[in-house]
Every structure is written in structure tokens, then in C-alpha cells.
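A lone chain, given as C-alpha cells: the form predicted on its own.
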Amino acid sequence: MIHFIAGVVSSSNYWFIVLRSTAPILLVTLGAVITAQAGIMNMALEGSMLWAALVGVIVSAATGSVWLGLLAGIAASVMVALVLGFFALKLDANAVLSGVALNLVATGGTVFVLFALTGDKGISSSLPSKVLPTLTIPLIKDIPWIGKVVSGQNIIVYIAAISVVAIDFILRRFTVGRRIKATGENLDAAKAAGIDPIKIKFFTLVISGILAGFAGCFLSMGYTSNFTSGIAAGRGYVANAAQVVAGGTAVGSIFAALLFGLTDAMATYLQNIGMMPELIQALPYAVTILGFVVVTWVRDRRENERKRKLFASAATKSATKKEKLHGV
């Protein structure tokens, strides 16, 4: 087994699959990060991906254009995010419960729409949907090993990489990023500073909807070439756990998403050695959640240790100050 895993990890094809598997979970993790920074949990990411995946397939098949399909899928995803915002921000409903409800609606609703249009309940194979293109990068493609990993990926993989930079700039460099963080950290202080928290939260929901739209369309028009029921496969829920591990940063999202991508790609290879299919399907999620638990535990322990040292230092200074006063 060790030799098998070592052989897989050294393969450029394995790392090619890792990047492909990481892209959708990275996109929705970024979406979860930016909304969490504004103080709202977007639990509807799963439903956003499902609707994006289905609408993208339907529109690309109807129009013959993969780009119109992509735009329609993103629009459907943003619509789900706006519906969540309407319930959570305008009607003051619980954001988590509203998100879960939207996910349940999407799980059954996408199957219903697919059946109504094609008569199929499980897969959209009867629809002549288009597939998002792959990109070959000049010069990079000629580099041994690296070229086989980086070049030739689906366009959404590169969009995911660009999205990390974009979200990082929004949160750290732009004024709107400071407003997002102010809204999430102290709502009353944000209002006092003239910030409209509702607009800021809607803005982050739209951004997360766009990112989830890219992820959903990739699943049905790049990762695979069809929509299947439940194609999101829990990635939206994993993303909300990943954003905690990411620590509210875009760069942290890479490592959180990469953990899922590594195990998901390995599961693809483990099918060749006779492991139980049920175990293989559960492996990426089990390992990812376990990794999140370990990372969170280590980070919390370090934070507690830092606070302990800080309090100990403050107590020592206070005691020293009292001794000096008594000495005087």
C-alpha cells in the first residue's frame, strides 16, 4: 500500500487531478469566507451549486453556447444567494436554517426540473450540453512534469486561482474589504461609521453566489459533462467548515480546499486496488473533516497558550508595579 501511494503521489497525473478536484471546493470556500467576514453564514452554497450546474447544462444545450450556459448558471446561483439574503436580512429569518431550507429545495427542485424537461430523474445525458474548454499555457506546457500538472486544465481551475487573488485584494486592499470586516466584527460600530450593513452583506452574498456559480457549472460542464442529481455532493457544507480553518483569509482557503482535493484525487486511484466503493466515496469527506478538526484544535491550543502567556506577563508586570509602590 505504501509503495502504491508513493507511486501515485509522484505521478504528474495525480497532481493534475488534485488541482481539478480542488477548484470547485476552493471557489465555494472563498464564497463562504467573504460572507463570514461580513457576519453572515451562507449555508445555501450547496443549493447554489446545484442550480448553477443544472441551469448551465440546460441553457448551453438550448443555445448551443457554453458561455451563455455559464452565465445562466452563475445567474441562477446568485439568485439563490439573493433569496437567502431576502429571508435572512429583510425578513430577519435565521440565516443557517434558511440556507439549509434552500439546499433541500434545490436537491428536489433540480431533479423535478430535469424530469419535467427531459423525463430523466438521475442524469441529463439526453441534453446536448456543452463542455467548458481547457487551456494550454504556452511555455509552461513544455516544462517537464510541471507542464503536465498546470497546463491543460479546465478554464475554471484557472478562474479559481484568480479568484483567490481577487478575494484577497478585496478583503485586504480595498475599502469595501474594510467595510466587510467592520460589519462582521462590530455591527453597531459599522453603523456609527456610516456603513450600511445590509448592503455590505448583500454584496458578499452576490460575490459568493458568483463563485458558487462557477463551481456548480464546472461540476456539470467541466469536471463531468452532465448534470446528475446531488452533483454538489456536500461540497457546500464542506466549504462552510473549510472557511473556519481558512481563518477568514483567501490564502488560507487554498490549504483548506487542497486537503479535500488531495484525498478526492487519491480516492480516484484507490478504486483500482479493490477498495469498497462506499468507503472510497466517504474517504475525501472523512479525511477532510478530520483534518479540519486537527487544524482547529492546534490553532485553538496555540491561541490559548498565547493568551495564557499574555495574561501571565500582565500579572507579572502588575505585581512588579505594586512591589515598587510598596517599596517607595
Partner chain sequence: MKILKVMGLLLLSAVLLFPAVAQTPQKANVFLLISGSLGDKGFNDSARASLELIKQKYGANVTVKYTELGTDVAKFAPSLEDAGAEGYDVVFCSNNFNSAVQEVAPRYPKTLYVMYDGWINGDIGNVYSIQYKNSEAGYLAGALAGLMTKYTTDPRINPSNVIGFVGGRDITGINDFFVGYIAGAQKMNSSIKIIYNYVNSFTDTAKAKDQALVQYKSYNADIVYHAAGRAGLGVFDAAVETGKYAIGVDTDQASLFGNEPKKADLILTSTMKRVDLTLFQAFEKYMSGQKLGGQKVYVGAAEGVIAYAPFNKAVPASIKTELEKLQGDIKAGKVTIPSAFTMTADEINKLRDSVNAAK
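Residue numbers count along the first chain shown, from 1. Predicted, not measured: the structure shown is a model, and the values here were computed from it.
Unshown form predicted in complex with the partner chain; subsequent notes refer to it.
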Can you check 74 to 82, 116 to 124, 160 to 168, 250 to 258 and let me know which stretch has heavy atoms within 4.5 Å of the partner chain in the predicted complex? 116 to 124
Check whether residue 136 has any heavy atom within 4.5 Å of a heavy atom of the partner chain in the predicted complex, and answer yes or no. no
Would residue 202 count as touching the partner chain in the predicted complex under a 4.5 Å heavy atom rule? no
Contact of residue 63 with the partner chain in the predicted complex (heavy atom, 4.5 Å): no
Can residue 13 be called a contact residue for the partner chain in the predicted complex at 4.5 Å between heavy atoms? yes
